[in-house]
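Quick setup: one chain, the form predicted alone, written in structure tokens, and binding and motion questions come after.
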């Protein structure tokens, strides 16, 4: 008897909401609804796919390999890892406007141990992490003299450090093309994930620490022309720390949008001076410089348009198959 009263006391109220008796709409998926639906979805996807594919095809990309493997390459002498402070020049022509300068590297940034080799506390400006780097940075946490490395880890240590200067050649004379390096990193990286220590001058925050092994200069001197673009919020550093998912990847180096080149590089002859600092032959990597224009959908990406076309075509094909099955096996009462 007591047990029965206890069960009654815990029983939900006898309302339409608690007893799940509210009226609900349950769609009746008949052939007259499903087949036209698949056709409309397929046509919409095909239309979007065509627009994306045509737009992507209109984007022109110029790639120049400067790894220096071939003996006739202007950068062949620089590919030797023992050669320091090497500079090579590439001469090329452009027939259509380009507004982006990117670099291309073949490197496995998606390797698990490589991706974990960093100290998030250190990169967020925590001074305690400067003197005691995380174990995840090993073996790039301390140098041979047992001094902490800042920033530590394999990702920071392998930062891409080739630099480029672009010249337009007119009647044999070279004119420097201004390159805009502001705002090339992700907003969330610059404003949220990476922060400099609240120490002025910034150099003092790095006392009793050393730079990464393969860096030519410390983090607080990455950009001598702009003091605000140093430390962990340096644009090139942020671009590198945003890891790529695939081994063949491109990353933005500069935009060409200033001065006489507000609309990009006009057609003509150009010369690119490269400070060749980043060795890649030891791991069979390659390096390319890429000039590209952009559209409303961004850079060149034919895969997205093809994916929409494939999905749309499959929807239309399935609607045809369902129509044939329905016409052949429909029930008499549906006539």
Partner chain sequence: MAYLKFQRSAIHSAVSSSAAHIGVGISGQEGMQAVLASDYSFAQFRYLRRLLLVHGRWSYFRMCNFLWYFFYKNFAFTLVHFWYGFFCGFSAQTVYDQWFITLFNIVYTSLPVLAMGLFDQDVSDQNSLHYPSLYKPGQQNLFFNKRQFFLCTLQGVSTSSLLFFIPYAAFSVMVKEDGSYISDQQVFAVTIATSLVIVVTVQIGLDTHYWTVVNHFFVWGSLIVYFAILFAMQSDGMFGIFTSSFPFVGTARNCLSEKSVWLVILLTSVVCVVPGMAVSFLRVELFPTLTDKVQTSSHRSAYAFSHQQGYGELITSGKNMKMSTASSTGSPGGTPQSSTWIENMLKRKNAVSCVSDEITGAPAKTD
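What we label the rigid core is the largest C-alpha set whose atoms superpose within 1.5 Å from one form to the other. Please read these numbers as outputs of a predicted model, since none were measured by experiment. Residue numbers count along the first chain shown, from 1.
Same protein, other form: the form predicted together with the partner chain, not shown, and the subject of what follows.
> Just to confirm, with a 4.5 Å cut-off on non-hydrogen atoms, which of 62, 275, 281, 48 contacts the partner chain in the model of the complex?
Only one option qualifies, and that one is 48.
> Given that the partner chain is left out here, which of 87, 252, 202, 127 has a heavy atom within 4.5 Å of it in the model of the complex?
Filtering the options by heavy-atom distance leaves 252.
> With the partner left out here, check for me: in the model of the complex, does some heavy atom of residue 317 sit within 4.5 Å of the partner chain?
Residue-level check for residue 317: no, no contact with the partner chain.
> Whether residue 111 contacts the partner chain in the model of the complex should be assessed with a 4.5 Å heavy atom distance threshold; does it?
Taking the distances in the model of the complex, the answer for residue 111 is yes, it comes within 4.5 Å of the partner chain.
> Does at least one non-hydrogen atom of residue 289 fall within 4.5 angstroms of the partner chain in the model of the complex?
Output for residue 289 is no: heavy atoms all beyond 4.5 Å of the partner chain.
> Might residue 226 be said to contact the partner chain in the model of the complex, defining contact as any heavy atom within 4.5 Å?
Close contact is absent here: in the model of the complex, residue 226 is far from the partner chain, nothing within 4.5 Å, heavy atoms only.
> Quick one: find which of 64-72, 281-289, 265-273, 294-302 has residues within 4.5 Å of the partner chain in the model of the complex by heavy atom distance.
After filtering at 4.5 Å, what remains is 294-302.
> Kindly indicate whether 38, 186 and 245 are, all three, within 4.5 angstroms of the partner chain in the model of the complex, using heavy atoms.
So, yes: the whole triplet contacts the partner chain.
> Going by heavy atoms, what in 22-45 lies within 4.5 angstroms of the partner chain in the model of the complex?
Read in sequence order, the residues that approach the partner chain (within 4.5 Å, in the model of the complex) are 22, 23, 24, 25, 26, 27, 28, 29, 30, 31, 34, 35, 38, 41, 45.
> Does the C-alpha of residue 26 move 2 Å or more between this form and the one not shown once the rigid core is lined up?
Where the cores coincide, residue 26 still shows a C-alpha shift between this form and the one not shown that is 2 Å or more.
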